[in-house]
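So this first bit is one chain, no partners, the form predicted on its own, shown in structure tokens.
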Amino acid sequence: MPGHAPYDPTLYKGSAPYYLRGRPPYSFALRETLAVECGLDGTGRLLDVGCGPGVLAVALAPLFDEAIGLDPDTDMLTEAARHSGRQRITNIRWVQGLAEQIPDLGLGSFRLVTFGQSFHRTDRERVAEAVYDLLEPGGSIALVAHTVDDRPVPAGPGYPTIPHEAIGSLIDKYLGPGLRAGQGFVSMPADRWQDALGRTRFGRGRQLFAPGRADIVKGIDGVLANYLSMSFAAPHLFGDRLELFEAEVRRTLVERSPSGLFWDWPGDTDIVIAGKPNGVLA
């Protein structure tokens, strides 16, 4: 198995202010689904690993006594603190650190540990084993992301879909072939989350889907923010050509939708859950 690449602090440089504005939200049913599947009752503690600007942590914190959001990027944590403040969520603590540092951070034990589109960024088996040790007996790990693969596409609100292929071509034009990411290129694991979990004490877990939102409509600024929130189109990668790139994307979007509105269909919310049996001590 190839070694896990070391953390690159430039991975999301400049992206934090765009994340909440640009990324599509998870399913309306995500919180209830996790509450039912993981037996959450308003007590215990949540750890959200790779929390970014706090999307999952803020949404799930009301299900717990306390929540911790962990992320290595200080700009993301600043946005997370602002987000929780706007939502008047007061039981979250934000901690800077890598997932691989979990054993050394003294975070305590948790009922649920979540990864929102972040598990693939970690040394998966090593991190999953560390999470297993942090979980209280009966606790769970939940890996959350959007997926369109093999998911039924609902009826949309009548606006054009986002022209991802055309925008991808513009990214290639400005940044060259191959998806950039920090100082290197995007590298995804060759197998699935469940395969990685299957090599740990968790086992493969179970996969379920919460219905994705079919009502997400974005303006041109929102579409652009979505891309600038991604590691492969982070603002710093464009250098002094960022404004030129933004202008060309805007022109492309106006050509595709004179109203400036687009349907954003991120797919259903994909959830993989695995548990630590009751009676198993850390």
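Note that residue numbering begins at 1 and tracks the sequence as displayed. As the structure is a prediction and not an experimental result, all values here were calculated from the model.
If you look for the form predicted in complex with a small molecule, you will not find it shown, but the lines that follow are about it.
- D73 belongs to the set of residues with a heavy atom inside 4.5 Å of the small molecule in the predicted bound form.
- Heavy atoms of V49 reach within 4.5 Å of the small molecule in the predicted bound form, making it an interface residue.
- The closest heavy atom approach of E100 to the small molecule in the predicted bound form falls within 4.5 Å.
- The closest non-hydrogen atom of A59 lies beyond 4.5 Å of the small molecule in the predicted bound form.
- Proximity to the small molecule in the predicted bound form holds for none of V153, Y227 and F232, with the criterion being a heavy atom within 4.5 Å.
- Think of it this way: in the predicted bound form, the small molecule has a heavy atom of just one of H83, R121, R111, R180 within 4.5 Å, and the residue is R121.
- Out of the listed residues Y12, W265, F262, Y18, Y12 is the one that sits within 4.5 Å of the small molecule in the predicted bound form by at least one heavy atom.
- Only one of 113 to 121, 208 to 216, 185 to 193, 131 to 139 places residue heavy atoms within 4.5 angstroms of the small molecule in the predicted bound form, namely 113 to 121.
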